[in-house]
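In the block that follows, a single chain appears as C-alpha cells, in the form predicted on its own.
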C-alpha cells in the first residue's frame, strides 16, 4: 500500500457526455490517466457519465443502458485503478434484477478492489429530471469506505441538498463527502434564475463541509443536452472545498476539464477543535427528525 501523506491531490472529471457510451468511457479513461499523471490519487467521475442525461424523457428504451455491478464498466475501471494505483468513484446506471434499477456509484480502491456500491437515496422527479421513472430509491444507507486515499463517503446529486445524509456520513468517520452530479439550467429559466440556482447548489454543499468539519467534492458535467430549443444546460462549476467551506479549486461553467485540489487532512482536526459541532450535538433532543412533519 502506498504511503499516505497528509496533503494529497484529488481530481474531479468535469466531462461533456455524448450519446455513445463507449466514447464516454474512453474519454473518462483518458482523463483518469491525465489526472494521475498530474498527481491525483482519487479521481471522481460525474453522475451517469456513460451517457447523456436520459432522464429528460420517460422512455423504456433507456433501460437498455443499464448494466450490473460488477459488470463491464466496473471490471474495466478496476483494471485501470490497479494499473495506475488510483482510487476511483464510478457512477453508473445499475440493473440489479429484471425491472429493478438504481442510480449508483462503484467505489474502487487503488489496488482495483471493488469496495462497495452506493445507491442514490433521494430520487427527484421534476420537469426534465424524471428520475423516479427509472430509479428505485437506494437501500445501501449512508456509508463510509476506507480507501488508500482516505475515508470517503459517496452521495449522488439530489442527495447533496439533504443535511441528514451529510451528517450520517460524517458520523461514520468520512474525511470527504463526494457528490457526483448532473445538474443544469432550463434554458428558459437561466436568465432569471440561473445564478440563484447555481449559488444555492454551491452554498448548501459548502455548508455541509462547515457543519461537519470535512472536505466536500462535487463534480458536474457540462454542455447542452436535449433539443436545441429546450433541454438542459449543465452548469459545471465542479468544486472542492475544505472544512471551513473555502473553495480550493473550481471548474468553469462551460468547459471540459480536470479540477485538481489538495486535501490537507490536518484541517479536519484543527477545525473541529475550534468549532466542535459534533461535541455539542443534542442527540437526546433530535428524535422528531425521523417524522415526516410535526403536525
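Positions refer to the first chain, counted from 1. Given the structure is predicted, the values throughout are model-derived calculations rather than measurements.
What comes next is about the form predicted together with a further copy of the same chain, which does not appear here.
Considering a further copy of the same chain in the model of the complex, which of 132, 82, 190, 224 comes within 4.5 Å of it through any heavy atom? It is 132 that has a heavy atom within 4.5 Å of the partner.
Among the candidates 182, 86, 123, 106, the residue which, in the model of the complex, approaches a further copy of the same chain to within 4.5 Å (heavy atoms): Exactly one residue meets the criterion: 123.
Taking heavy atoms and a 4.5 Å cut-off, does residue 54 contact a further copy of the same chain in the model of the complex? Flag for residue 54 set to no.
So in the model of the complex, does residue 148 come within 4.5 Å of a further copy of the same chain, heavy atom to heavy atom? Although a further copy of the same chain is absent here, residue 148 would stay clear of it in the model of the complex, with no heavy atoms inside 4.5 Å.
Using a 4.5 Å heavy atom cut-off, state whether residue 167 contacts a further copy of the same chain in the model of the complex. Residue 167: yes, in contact with a further copy of the same chain in the model of the complex.
Distance check, residue 63 to a further copy of the same chain in the model of the complex, heavy atom within 4.5 Å: Output for residue 63 is no: heavy atoms all beyond 4.5 Å of a further copy of the same chain.
Segment assignment from 239 to 247, 254 to 262, 40 to 48, 224 to 232: heavy atom within 4.5 Å of a further copy of the same chain in the model of the complex: Contact-bearing stretch, as computed: 239 to 247.
In the model of the complex, does each of 23, 34 and 143 have a heavy atom within 4.5 Å of a further copy of the same chain? No: none of 23, 34 and 143 comes within 4.5 Å of a further copy of the same chain in the model of the complex.
Need the contact residues for 272 to 287: heavy atom within 4.5 Å of a further copy of the same chain in the model of the complex, sequence order, or none if there are none. The stretch touches the partner through 274, 275, 276, 277, 278, 279, 280, 281, 282, 283, 285, 286, 287.
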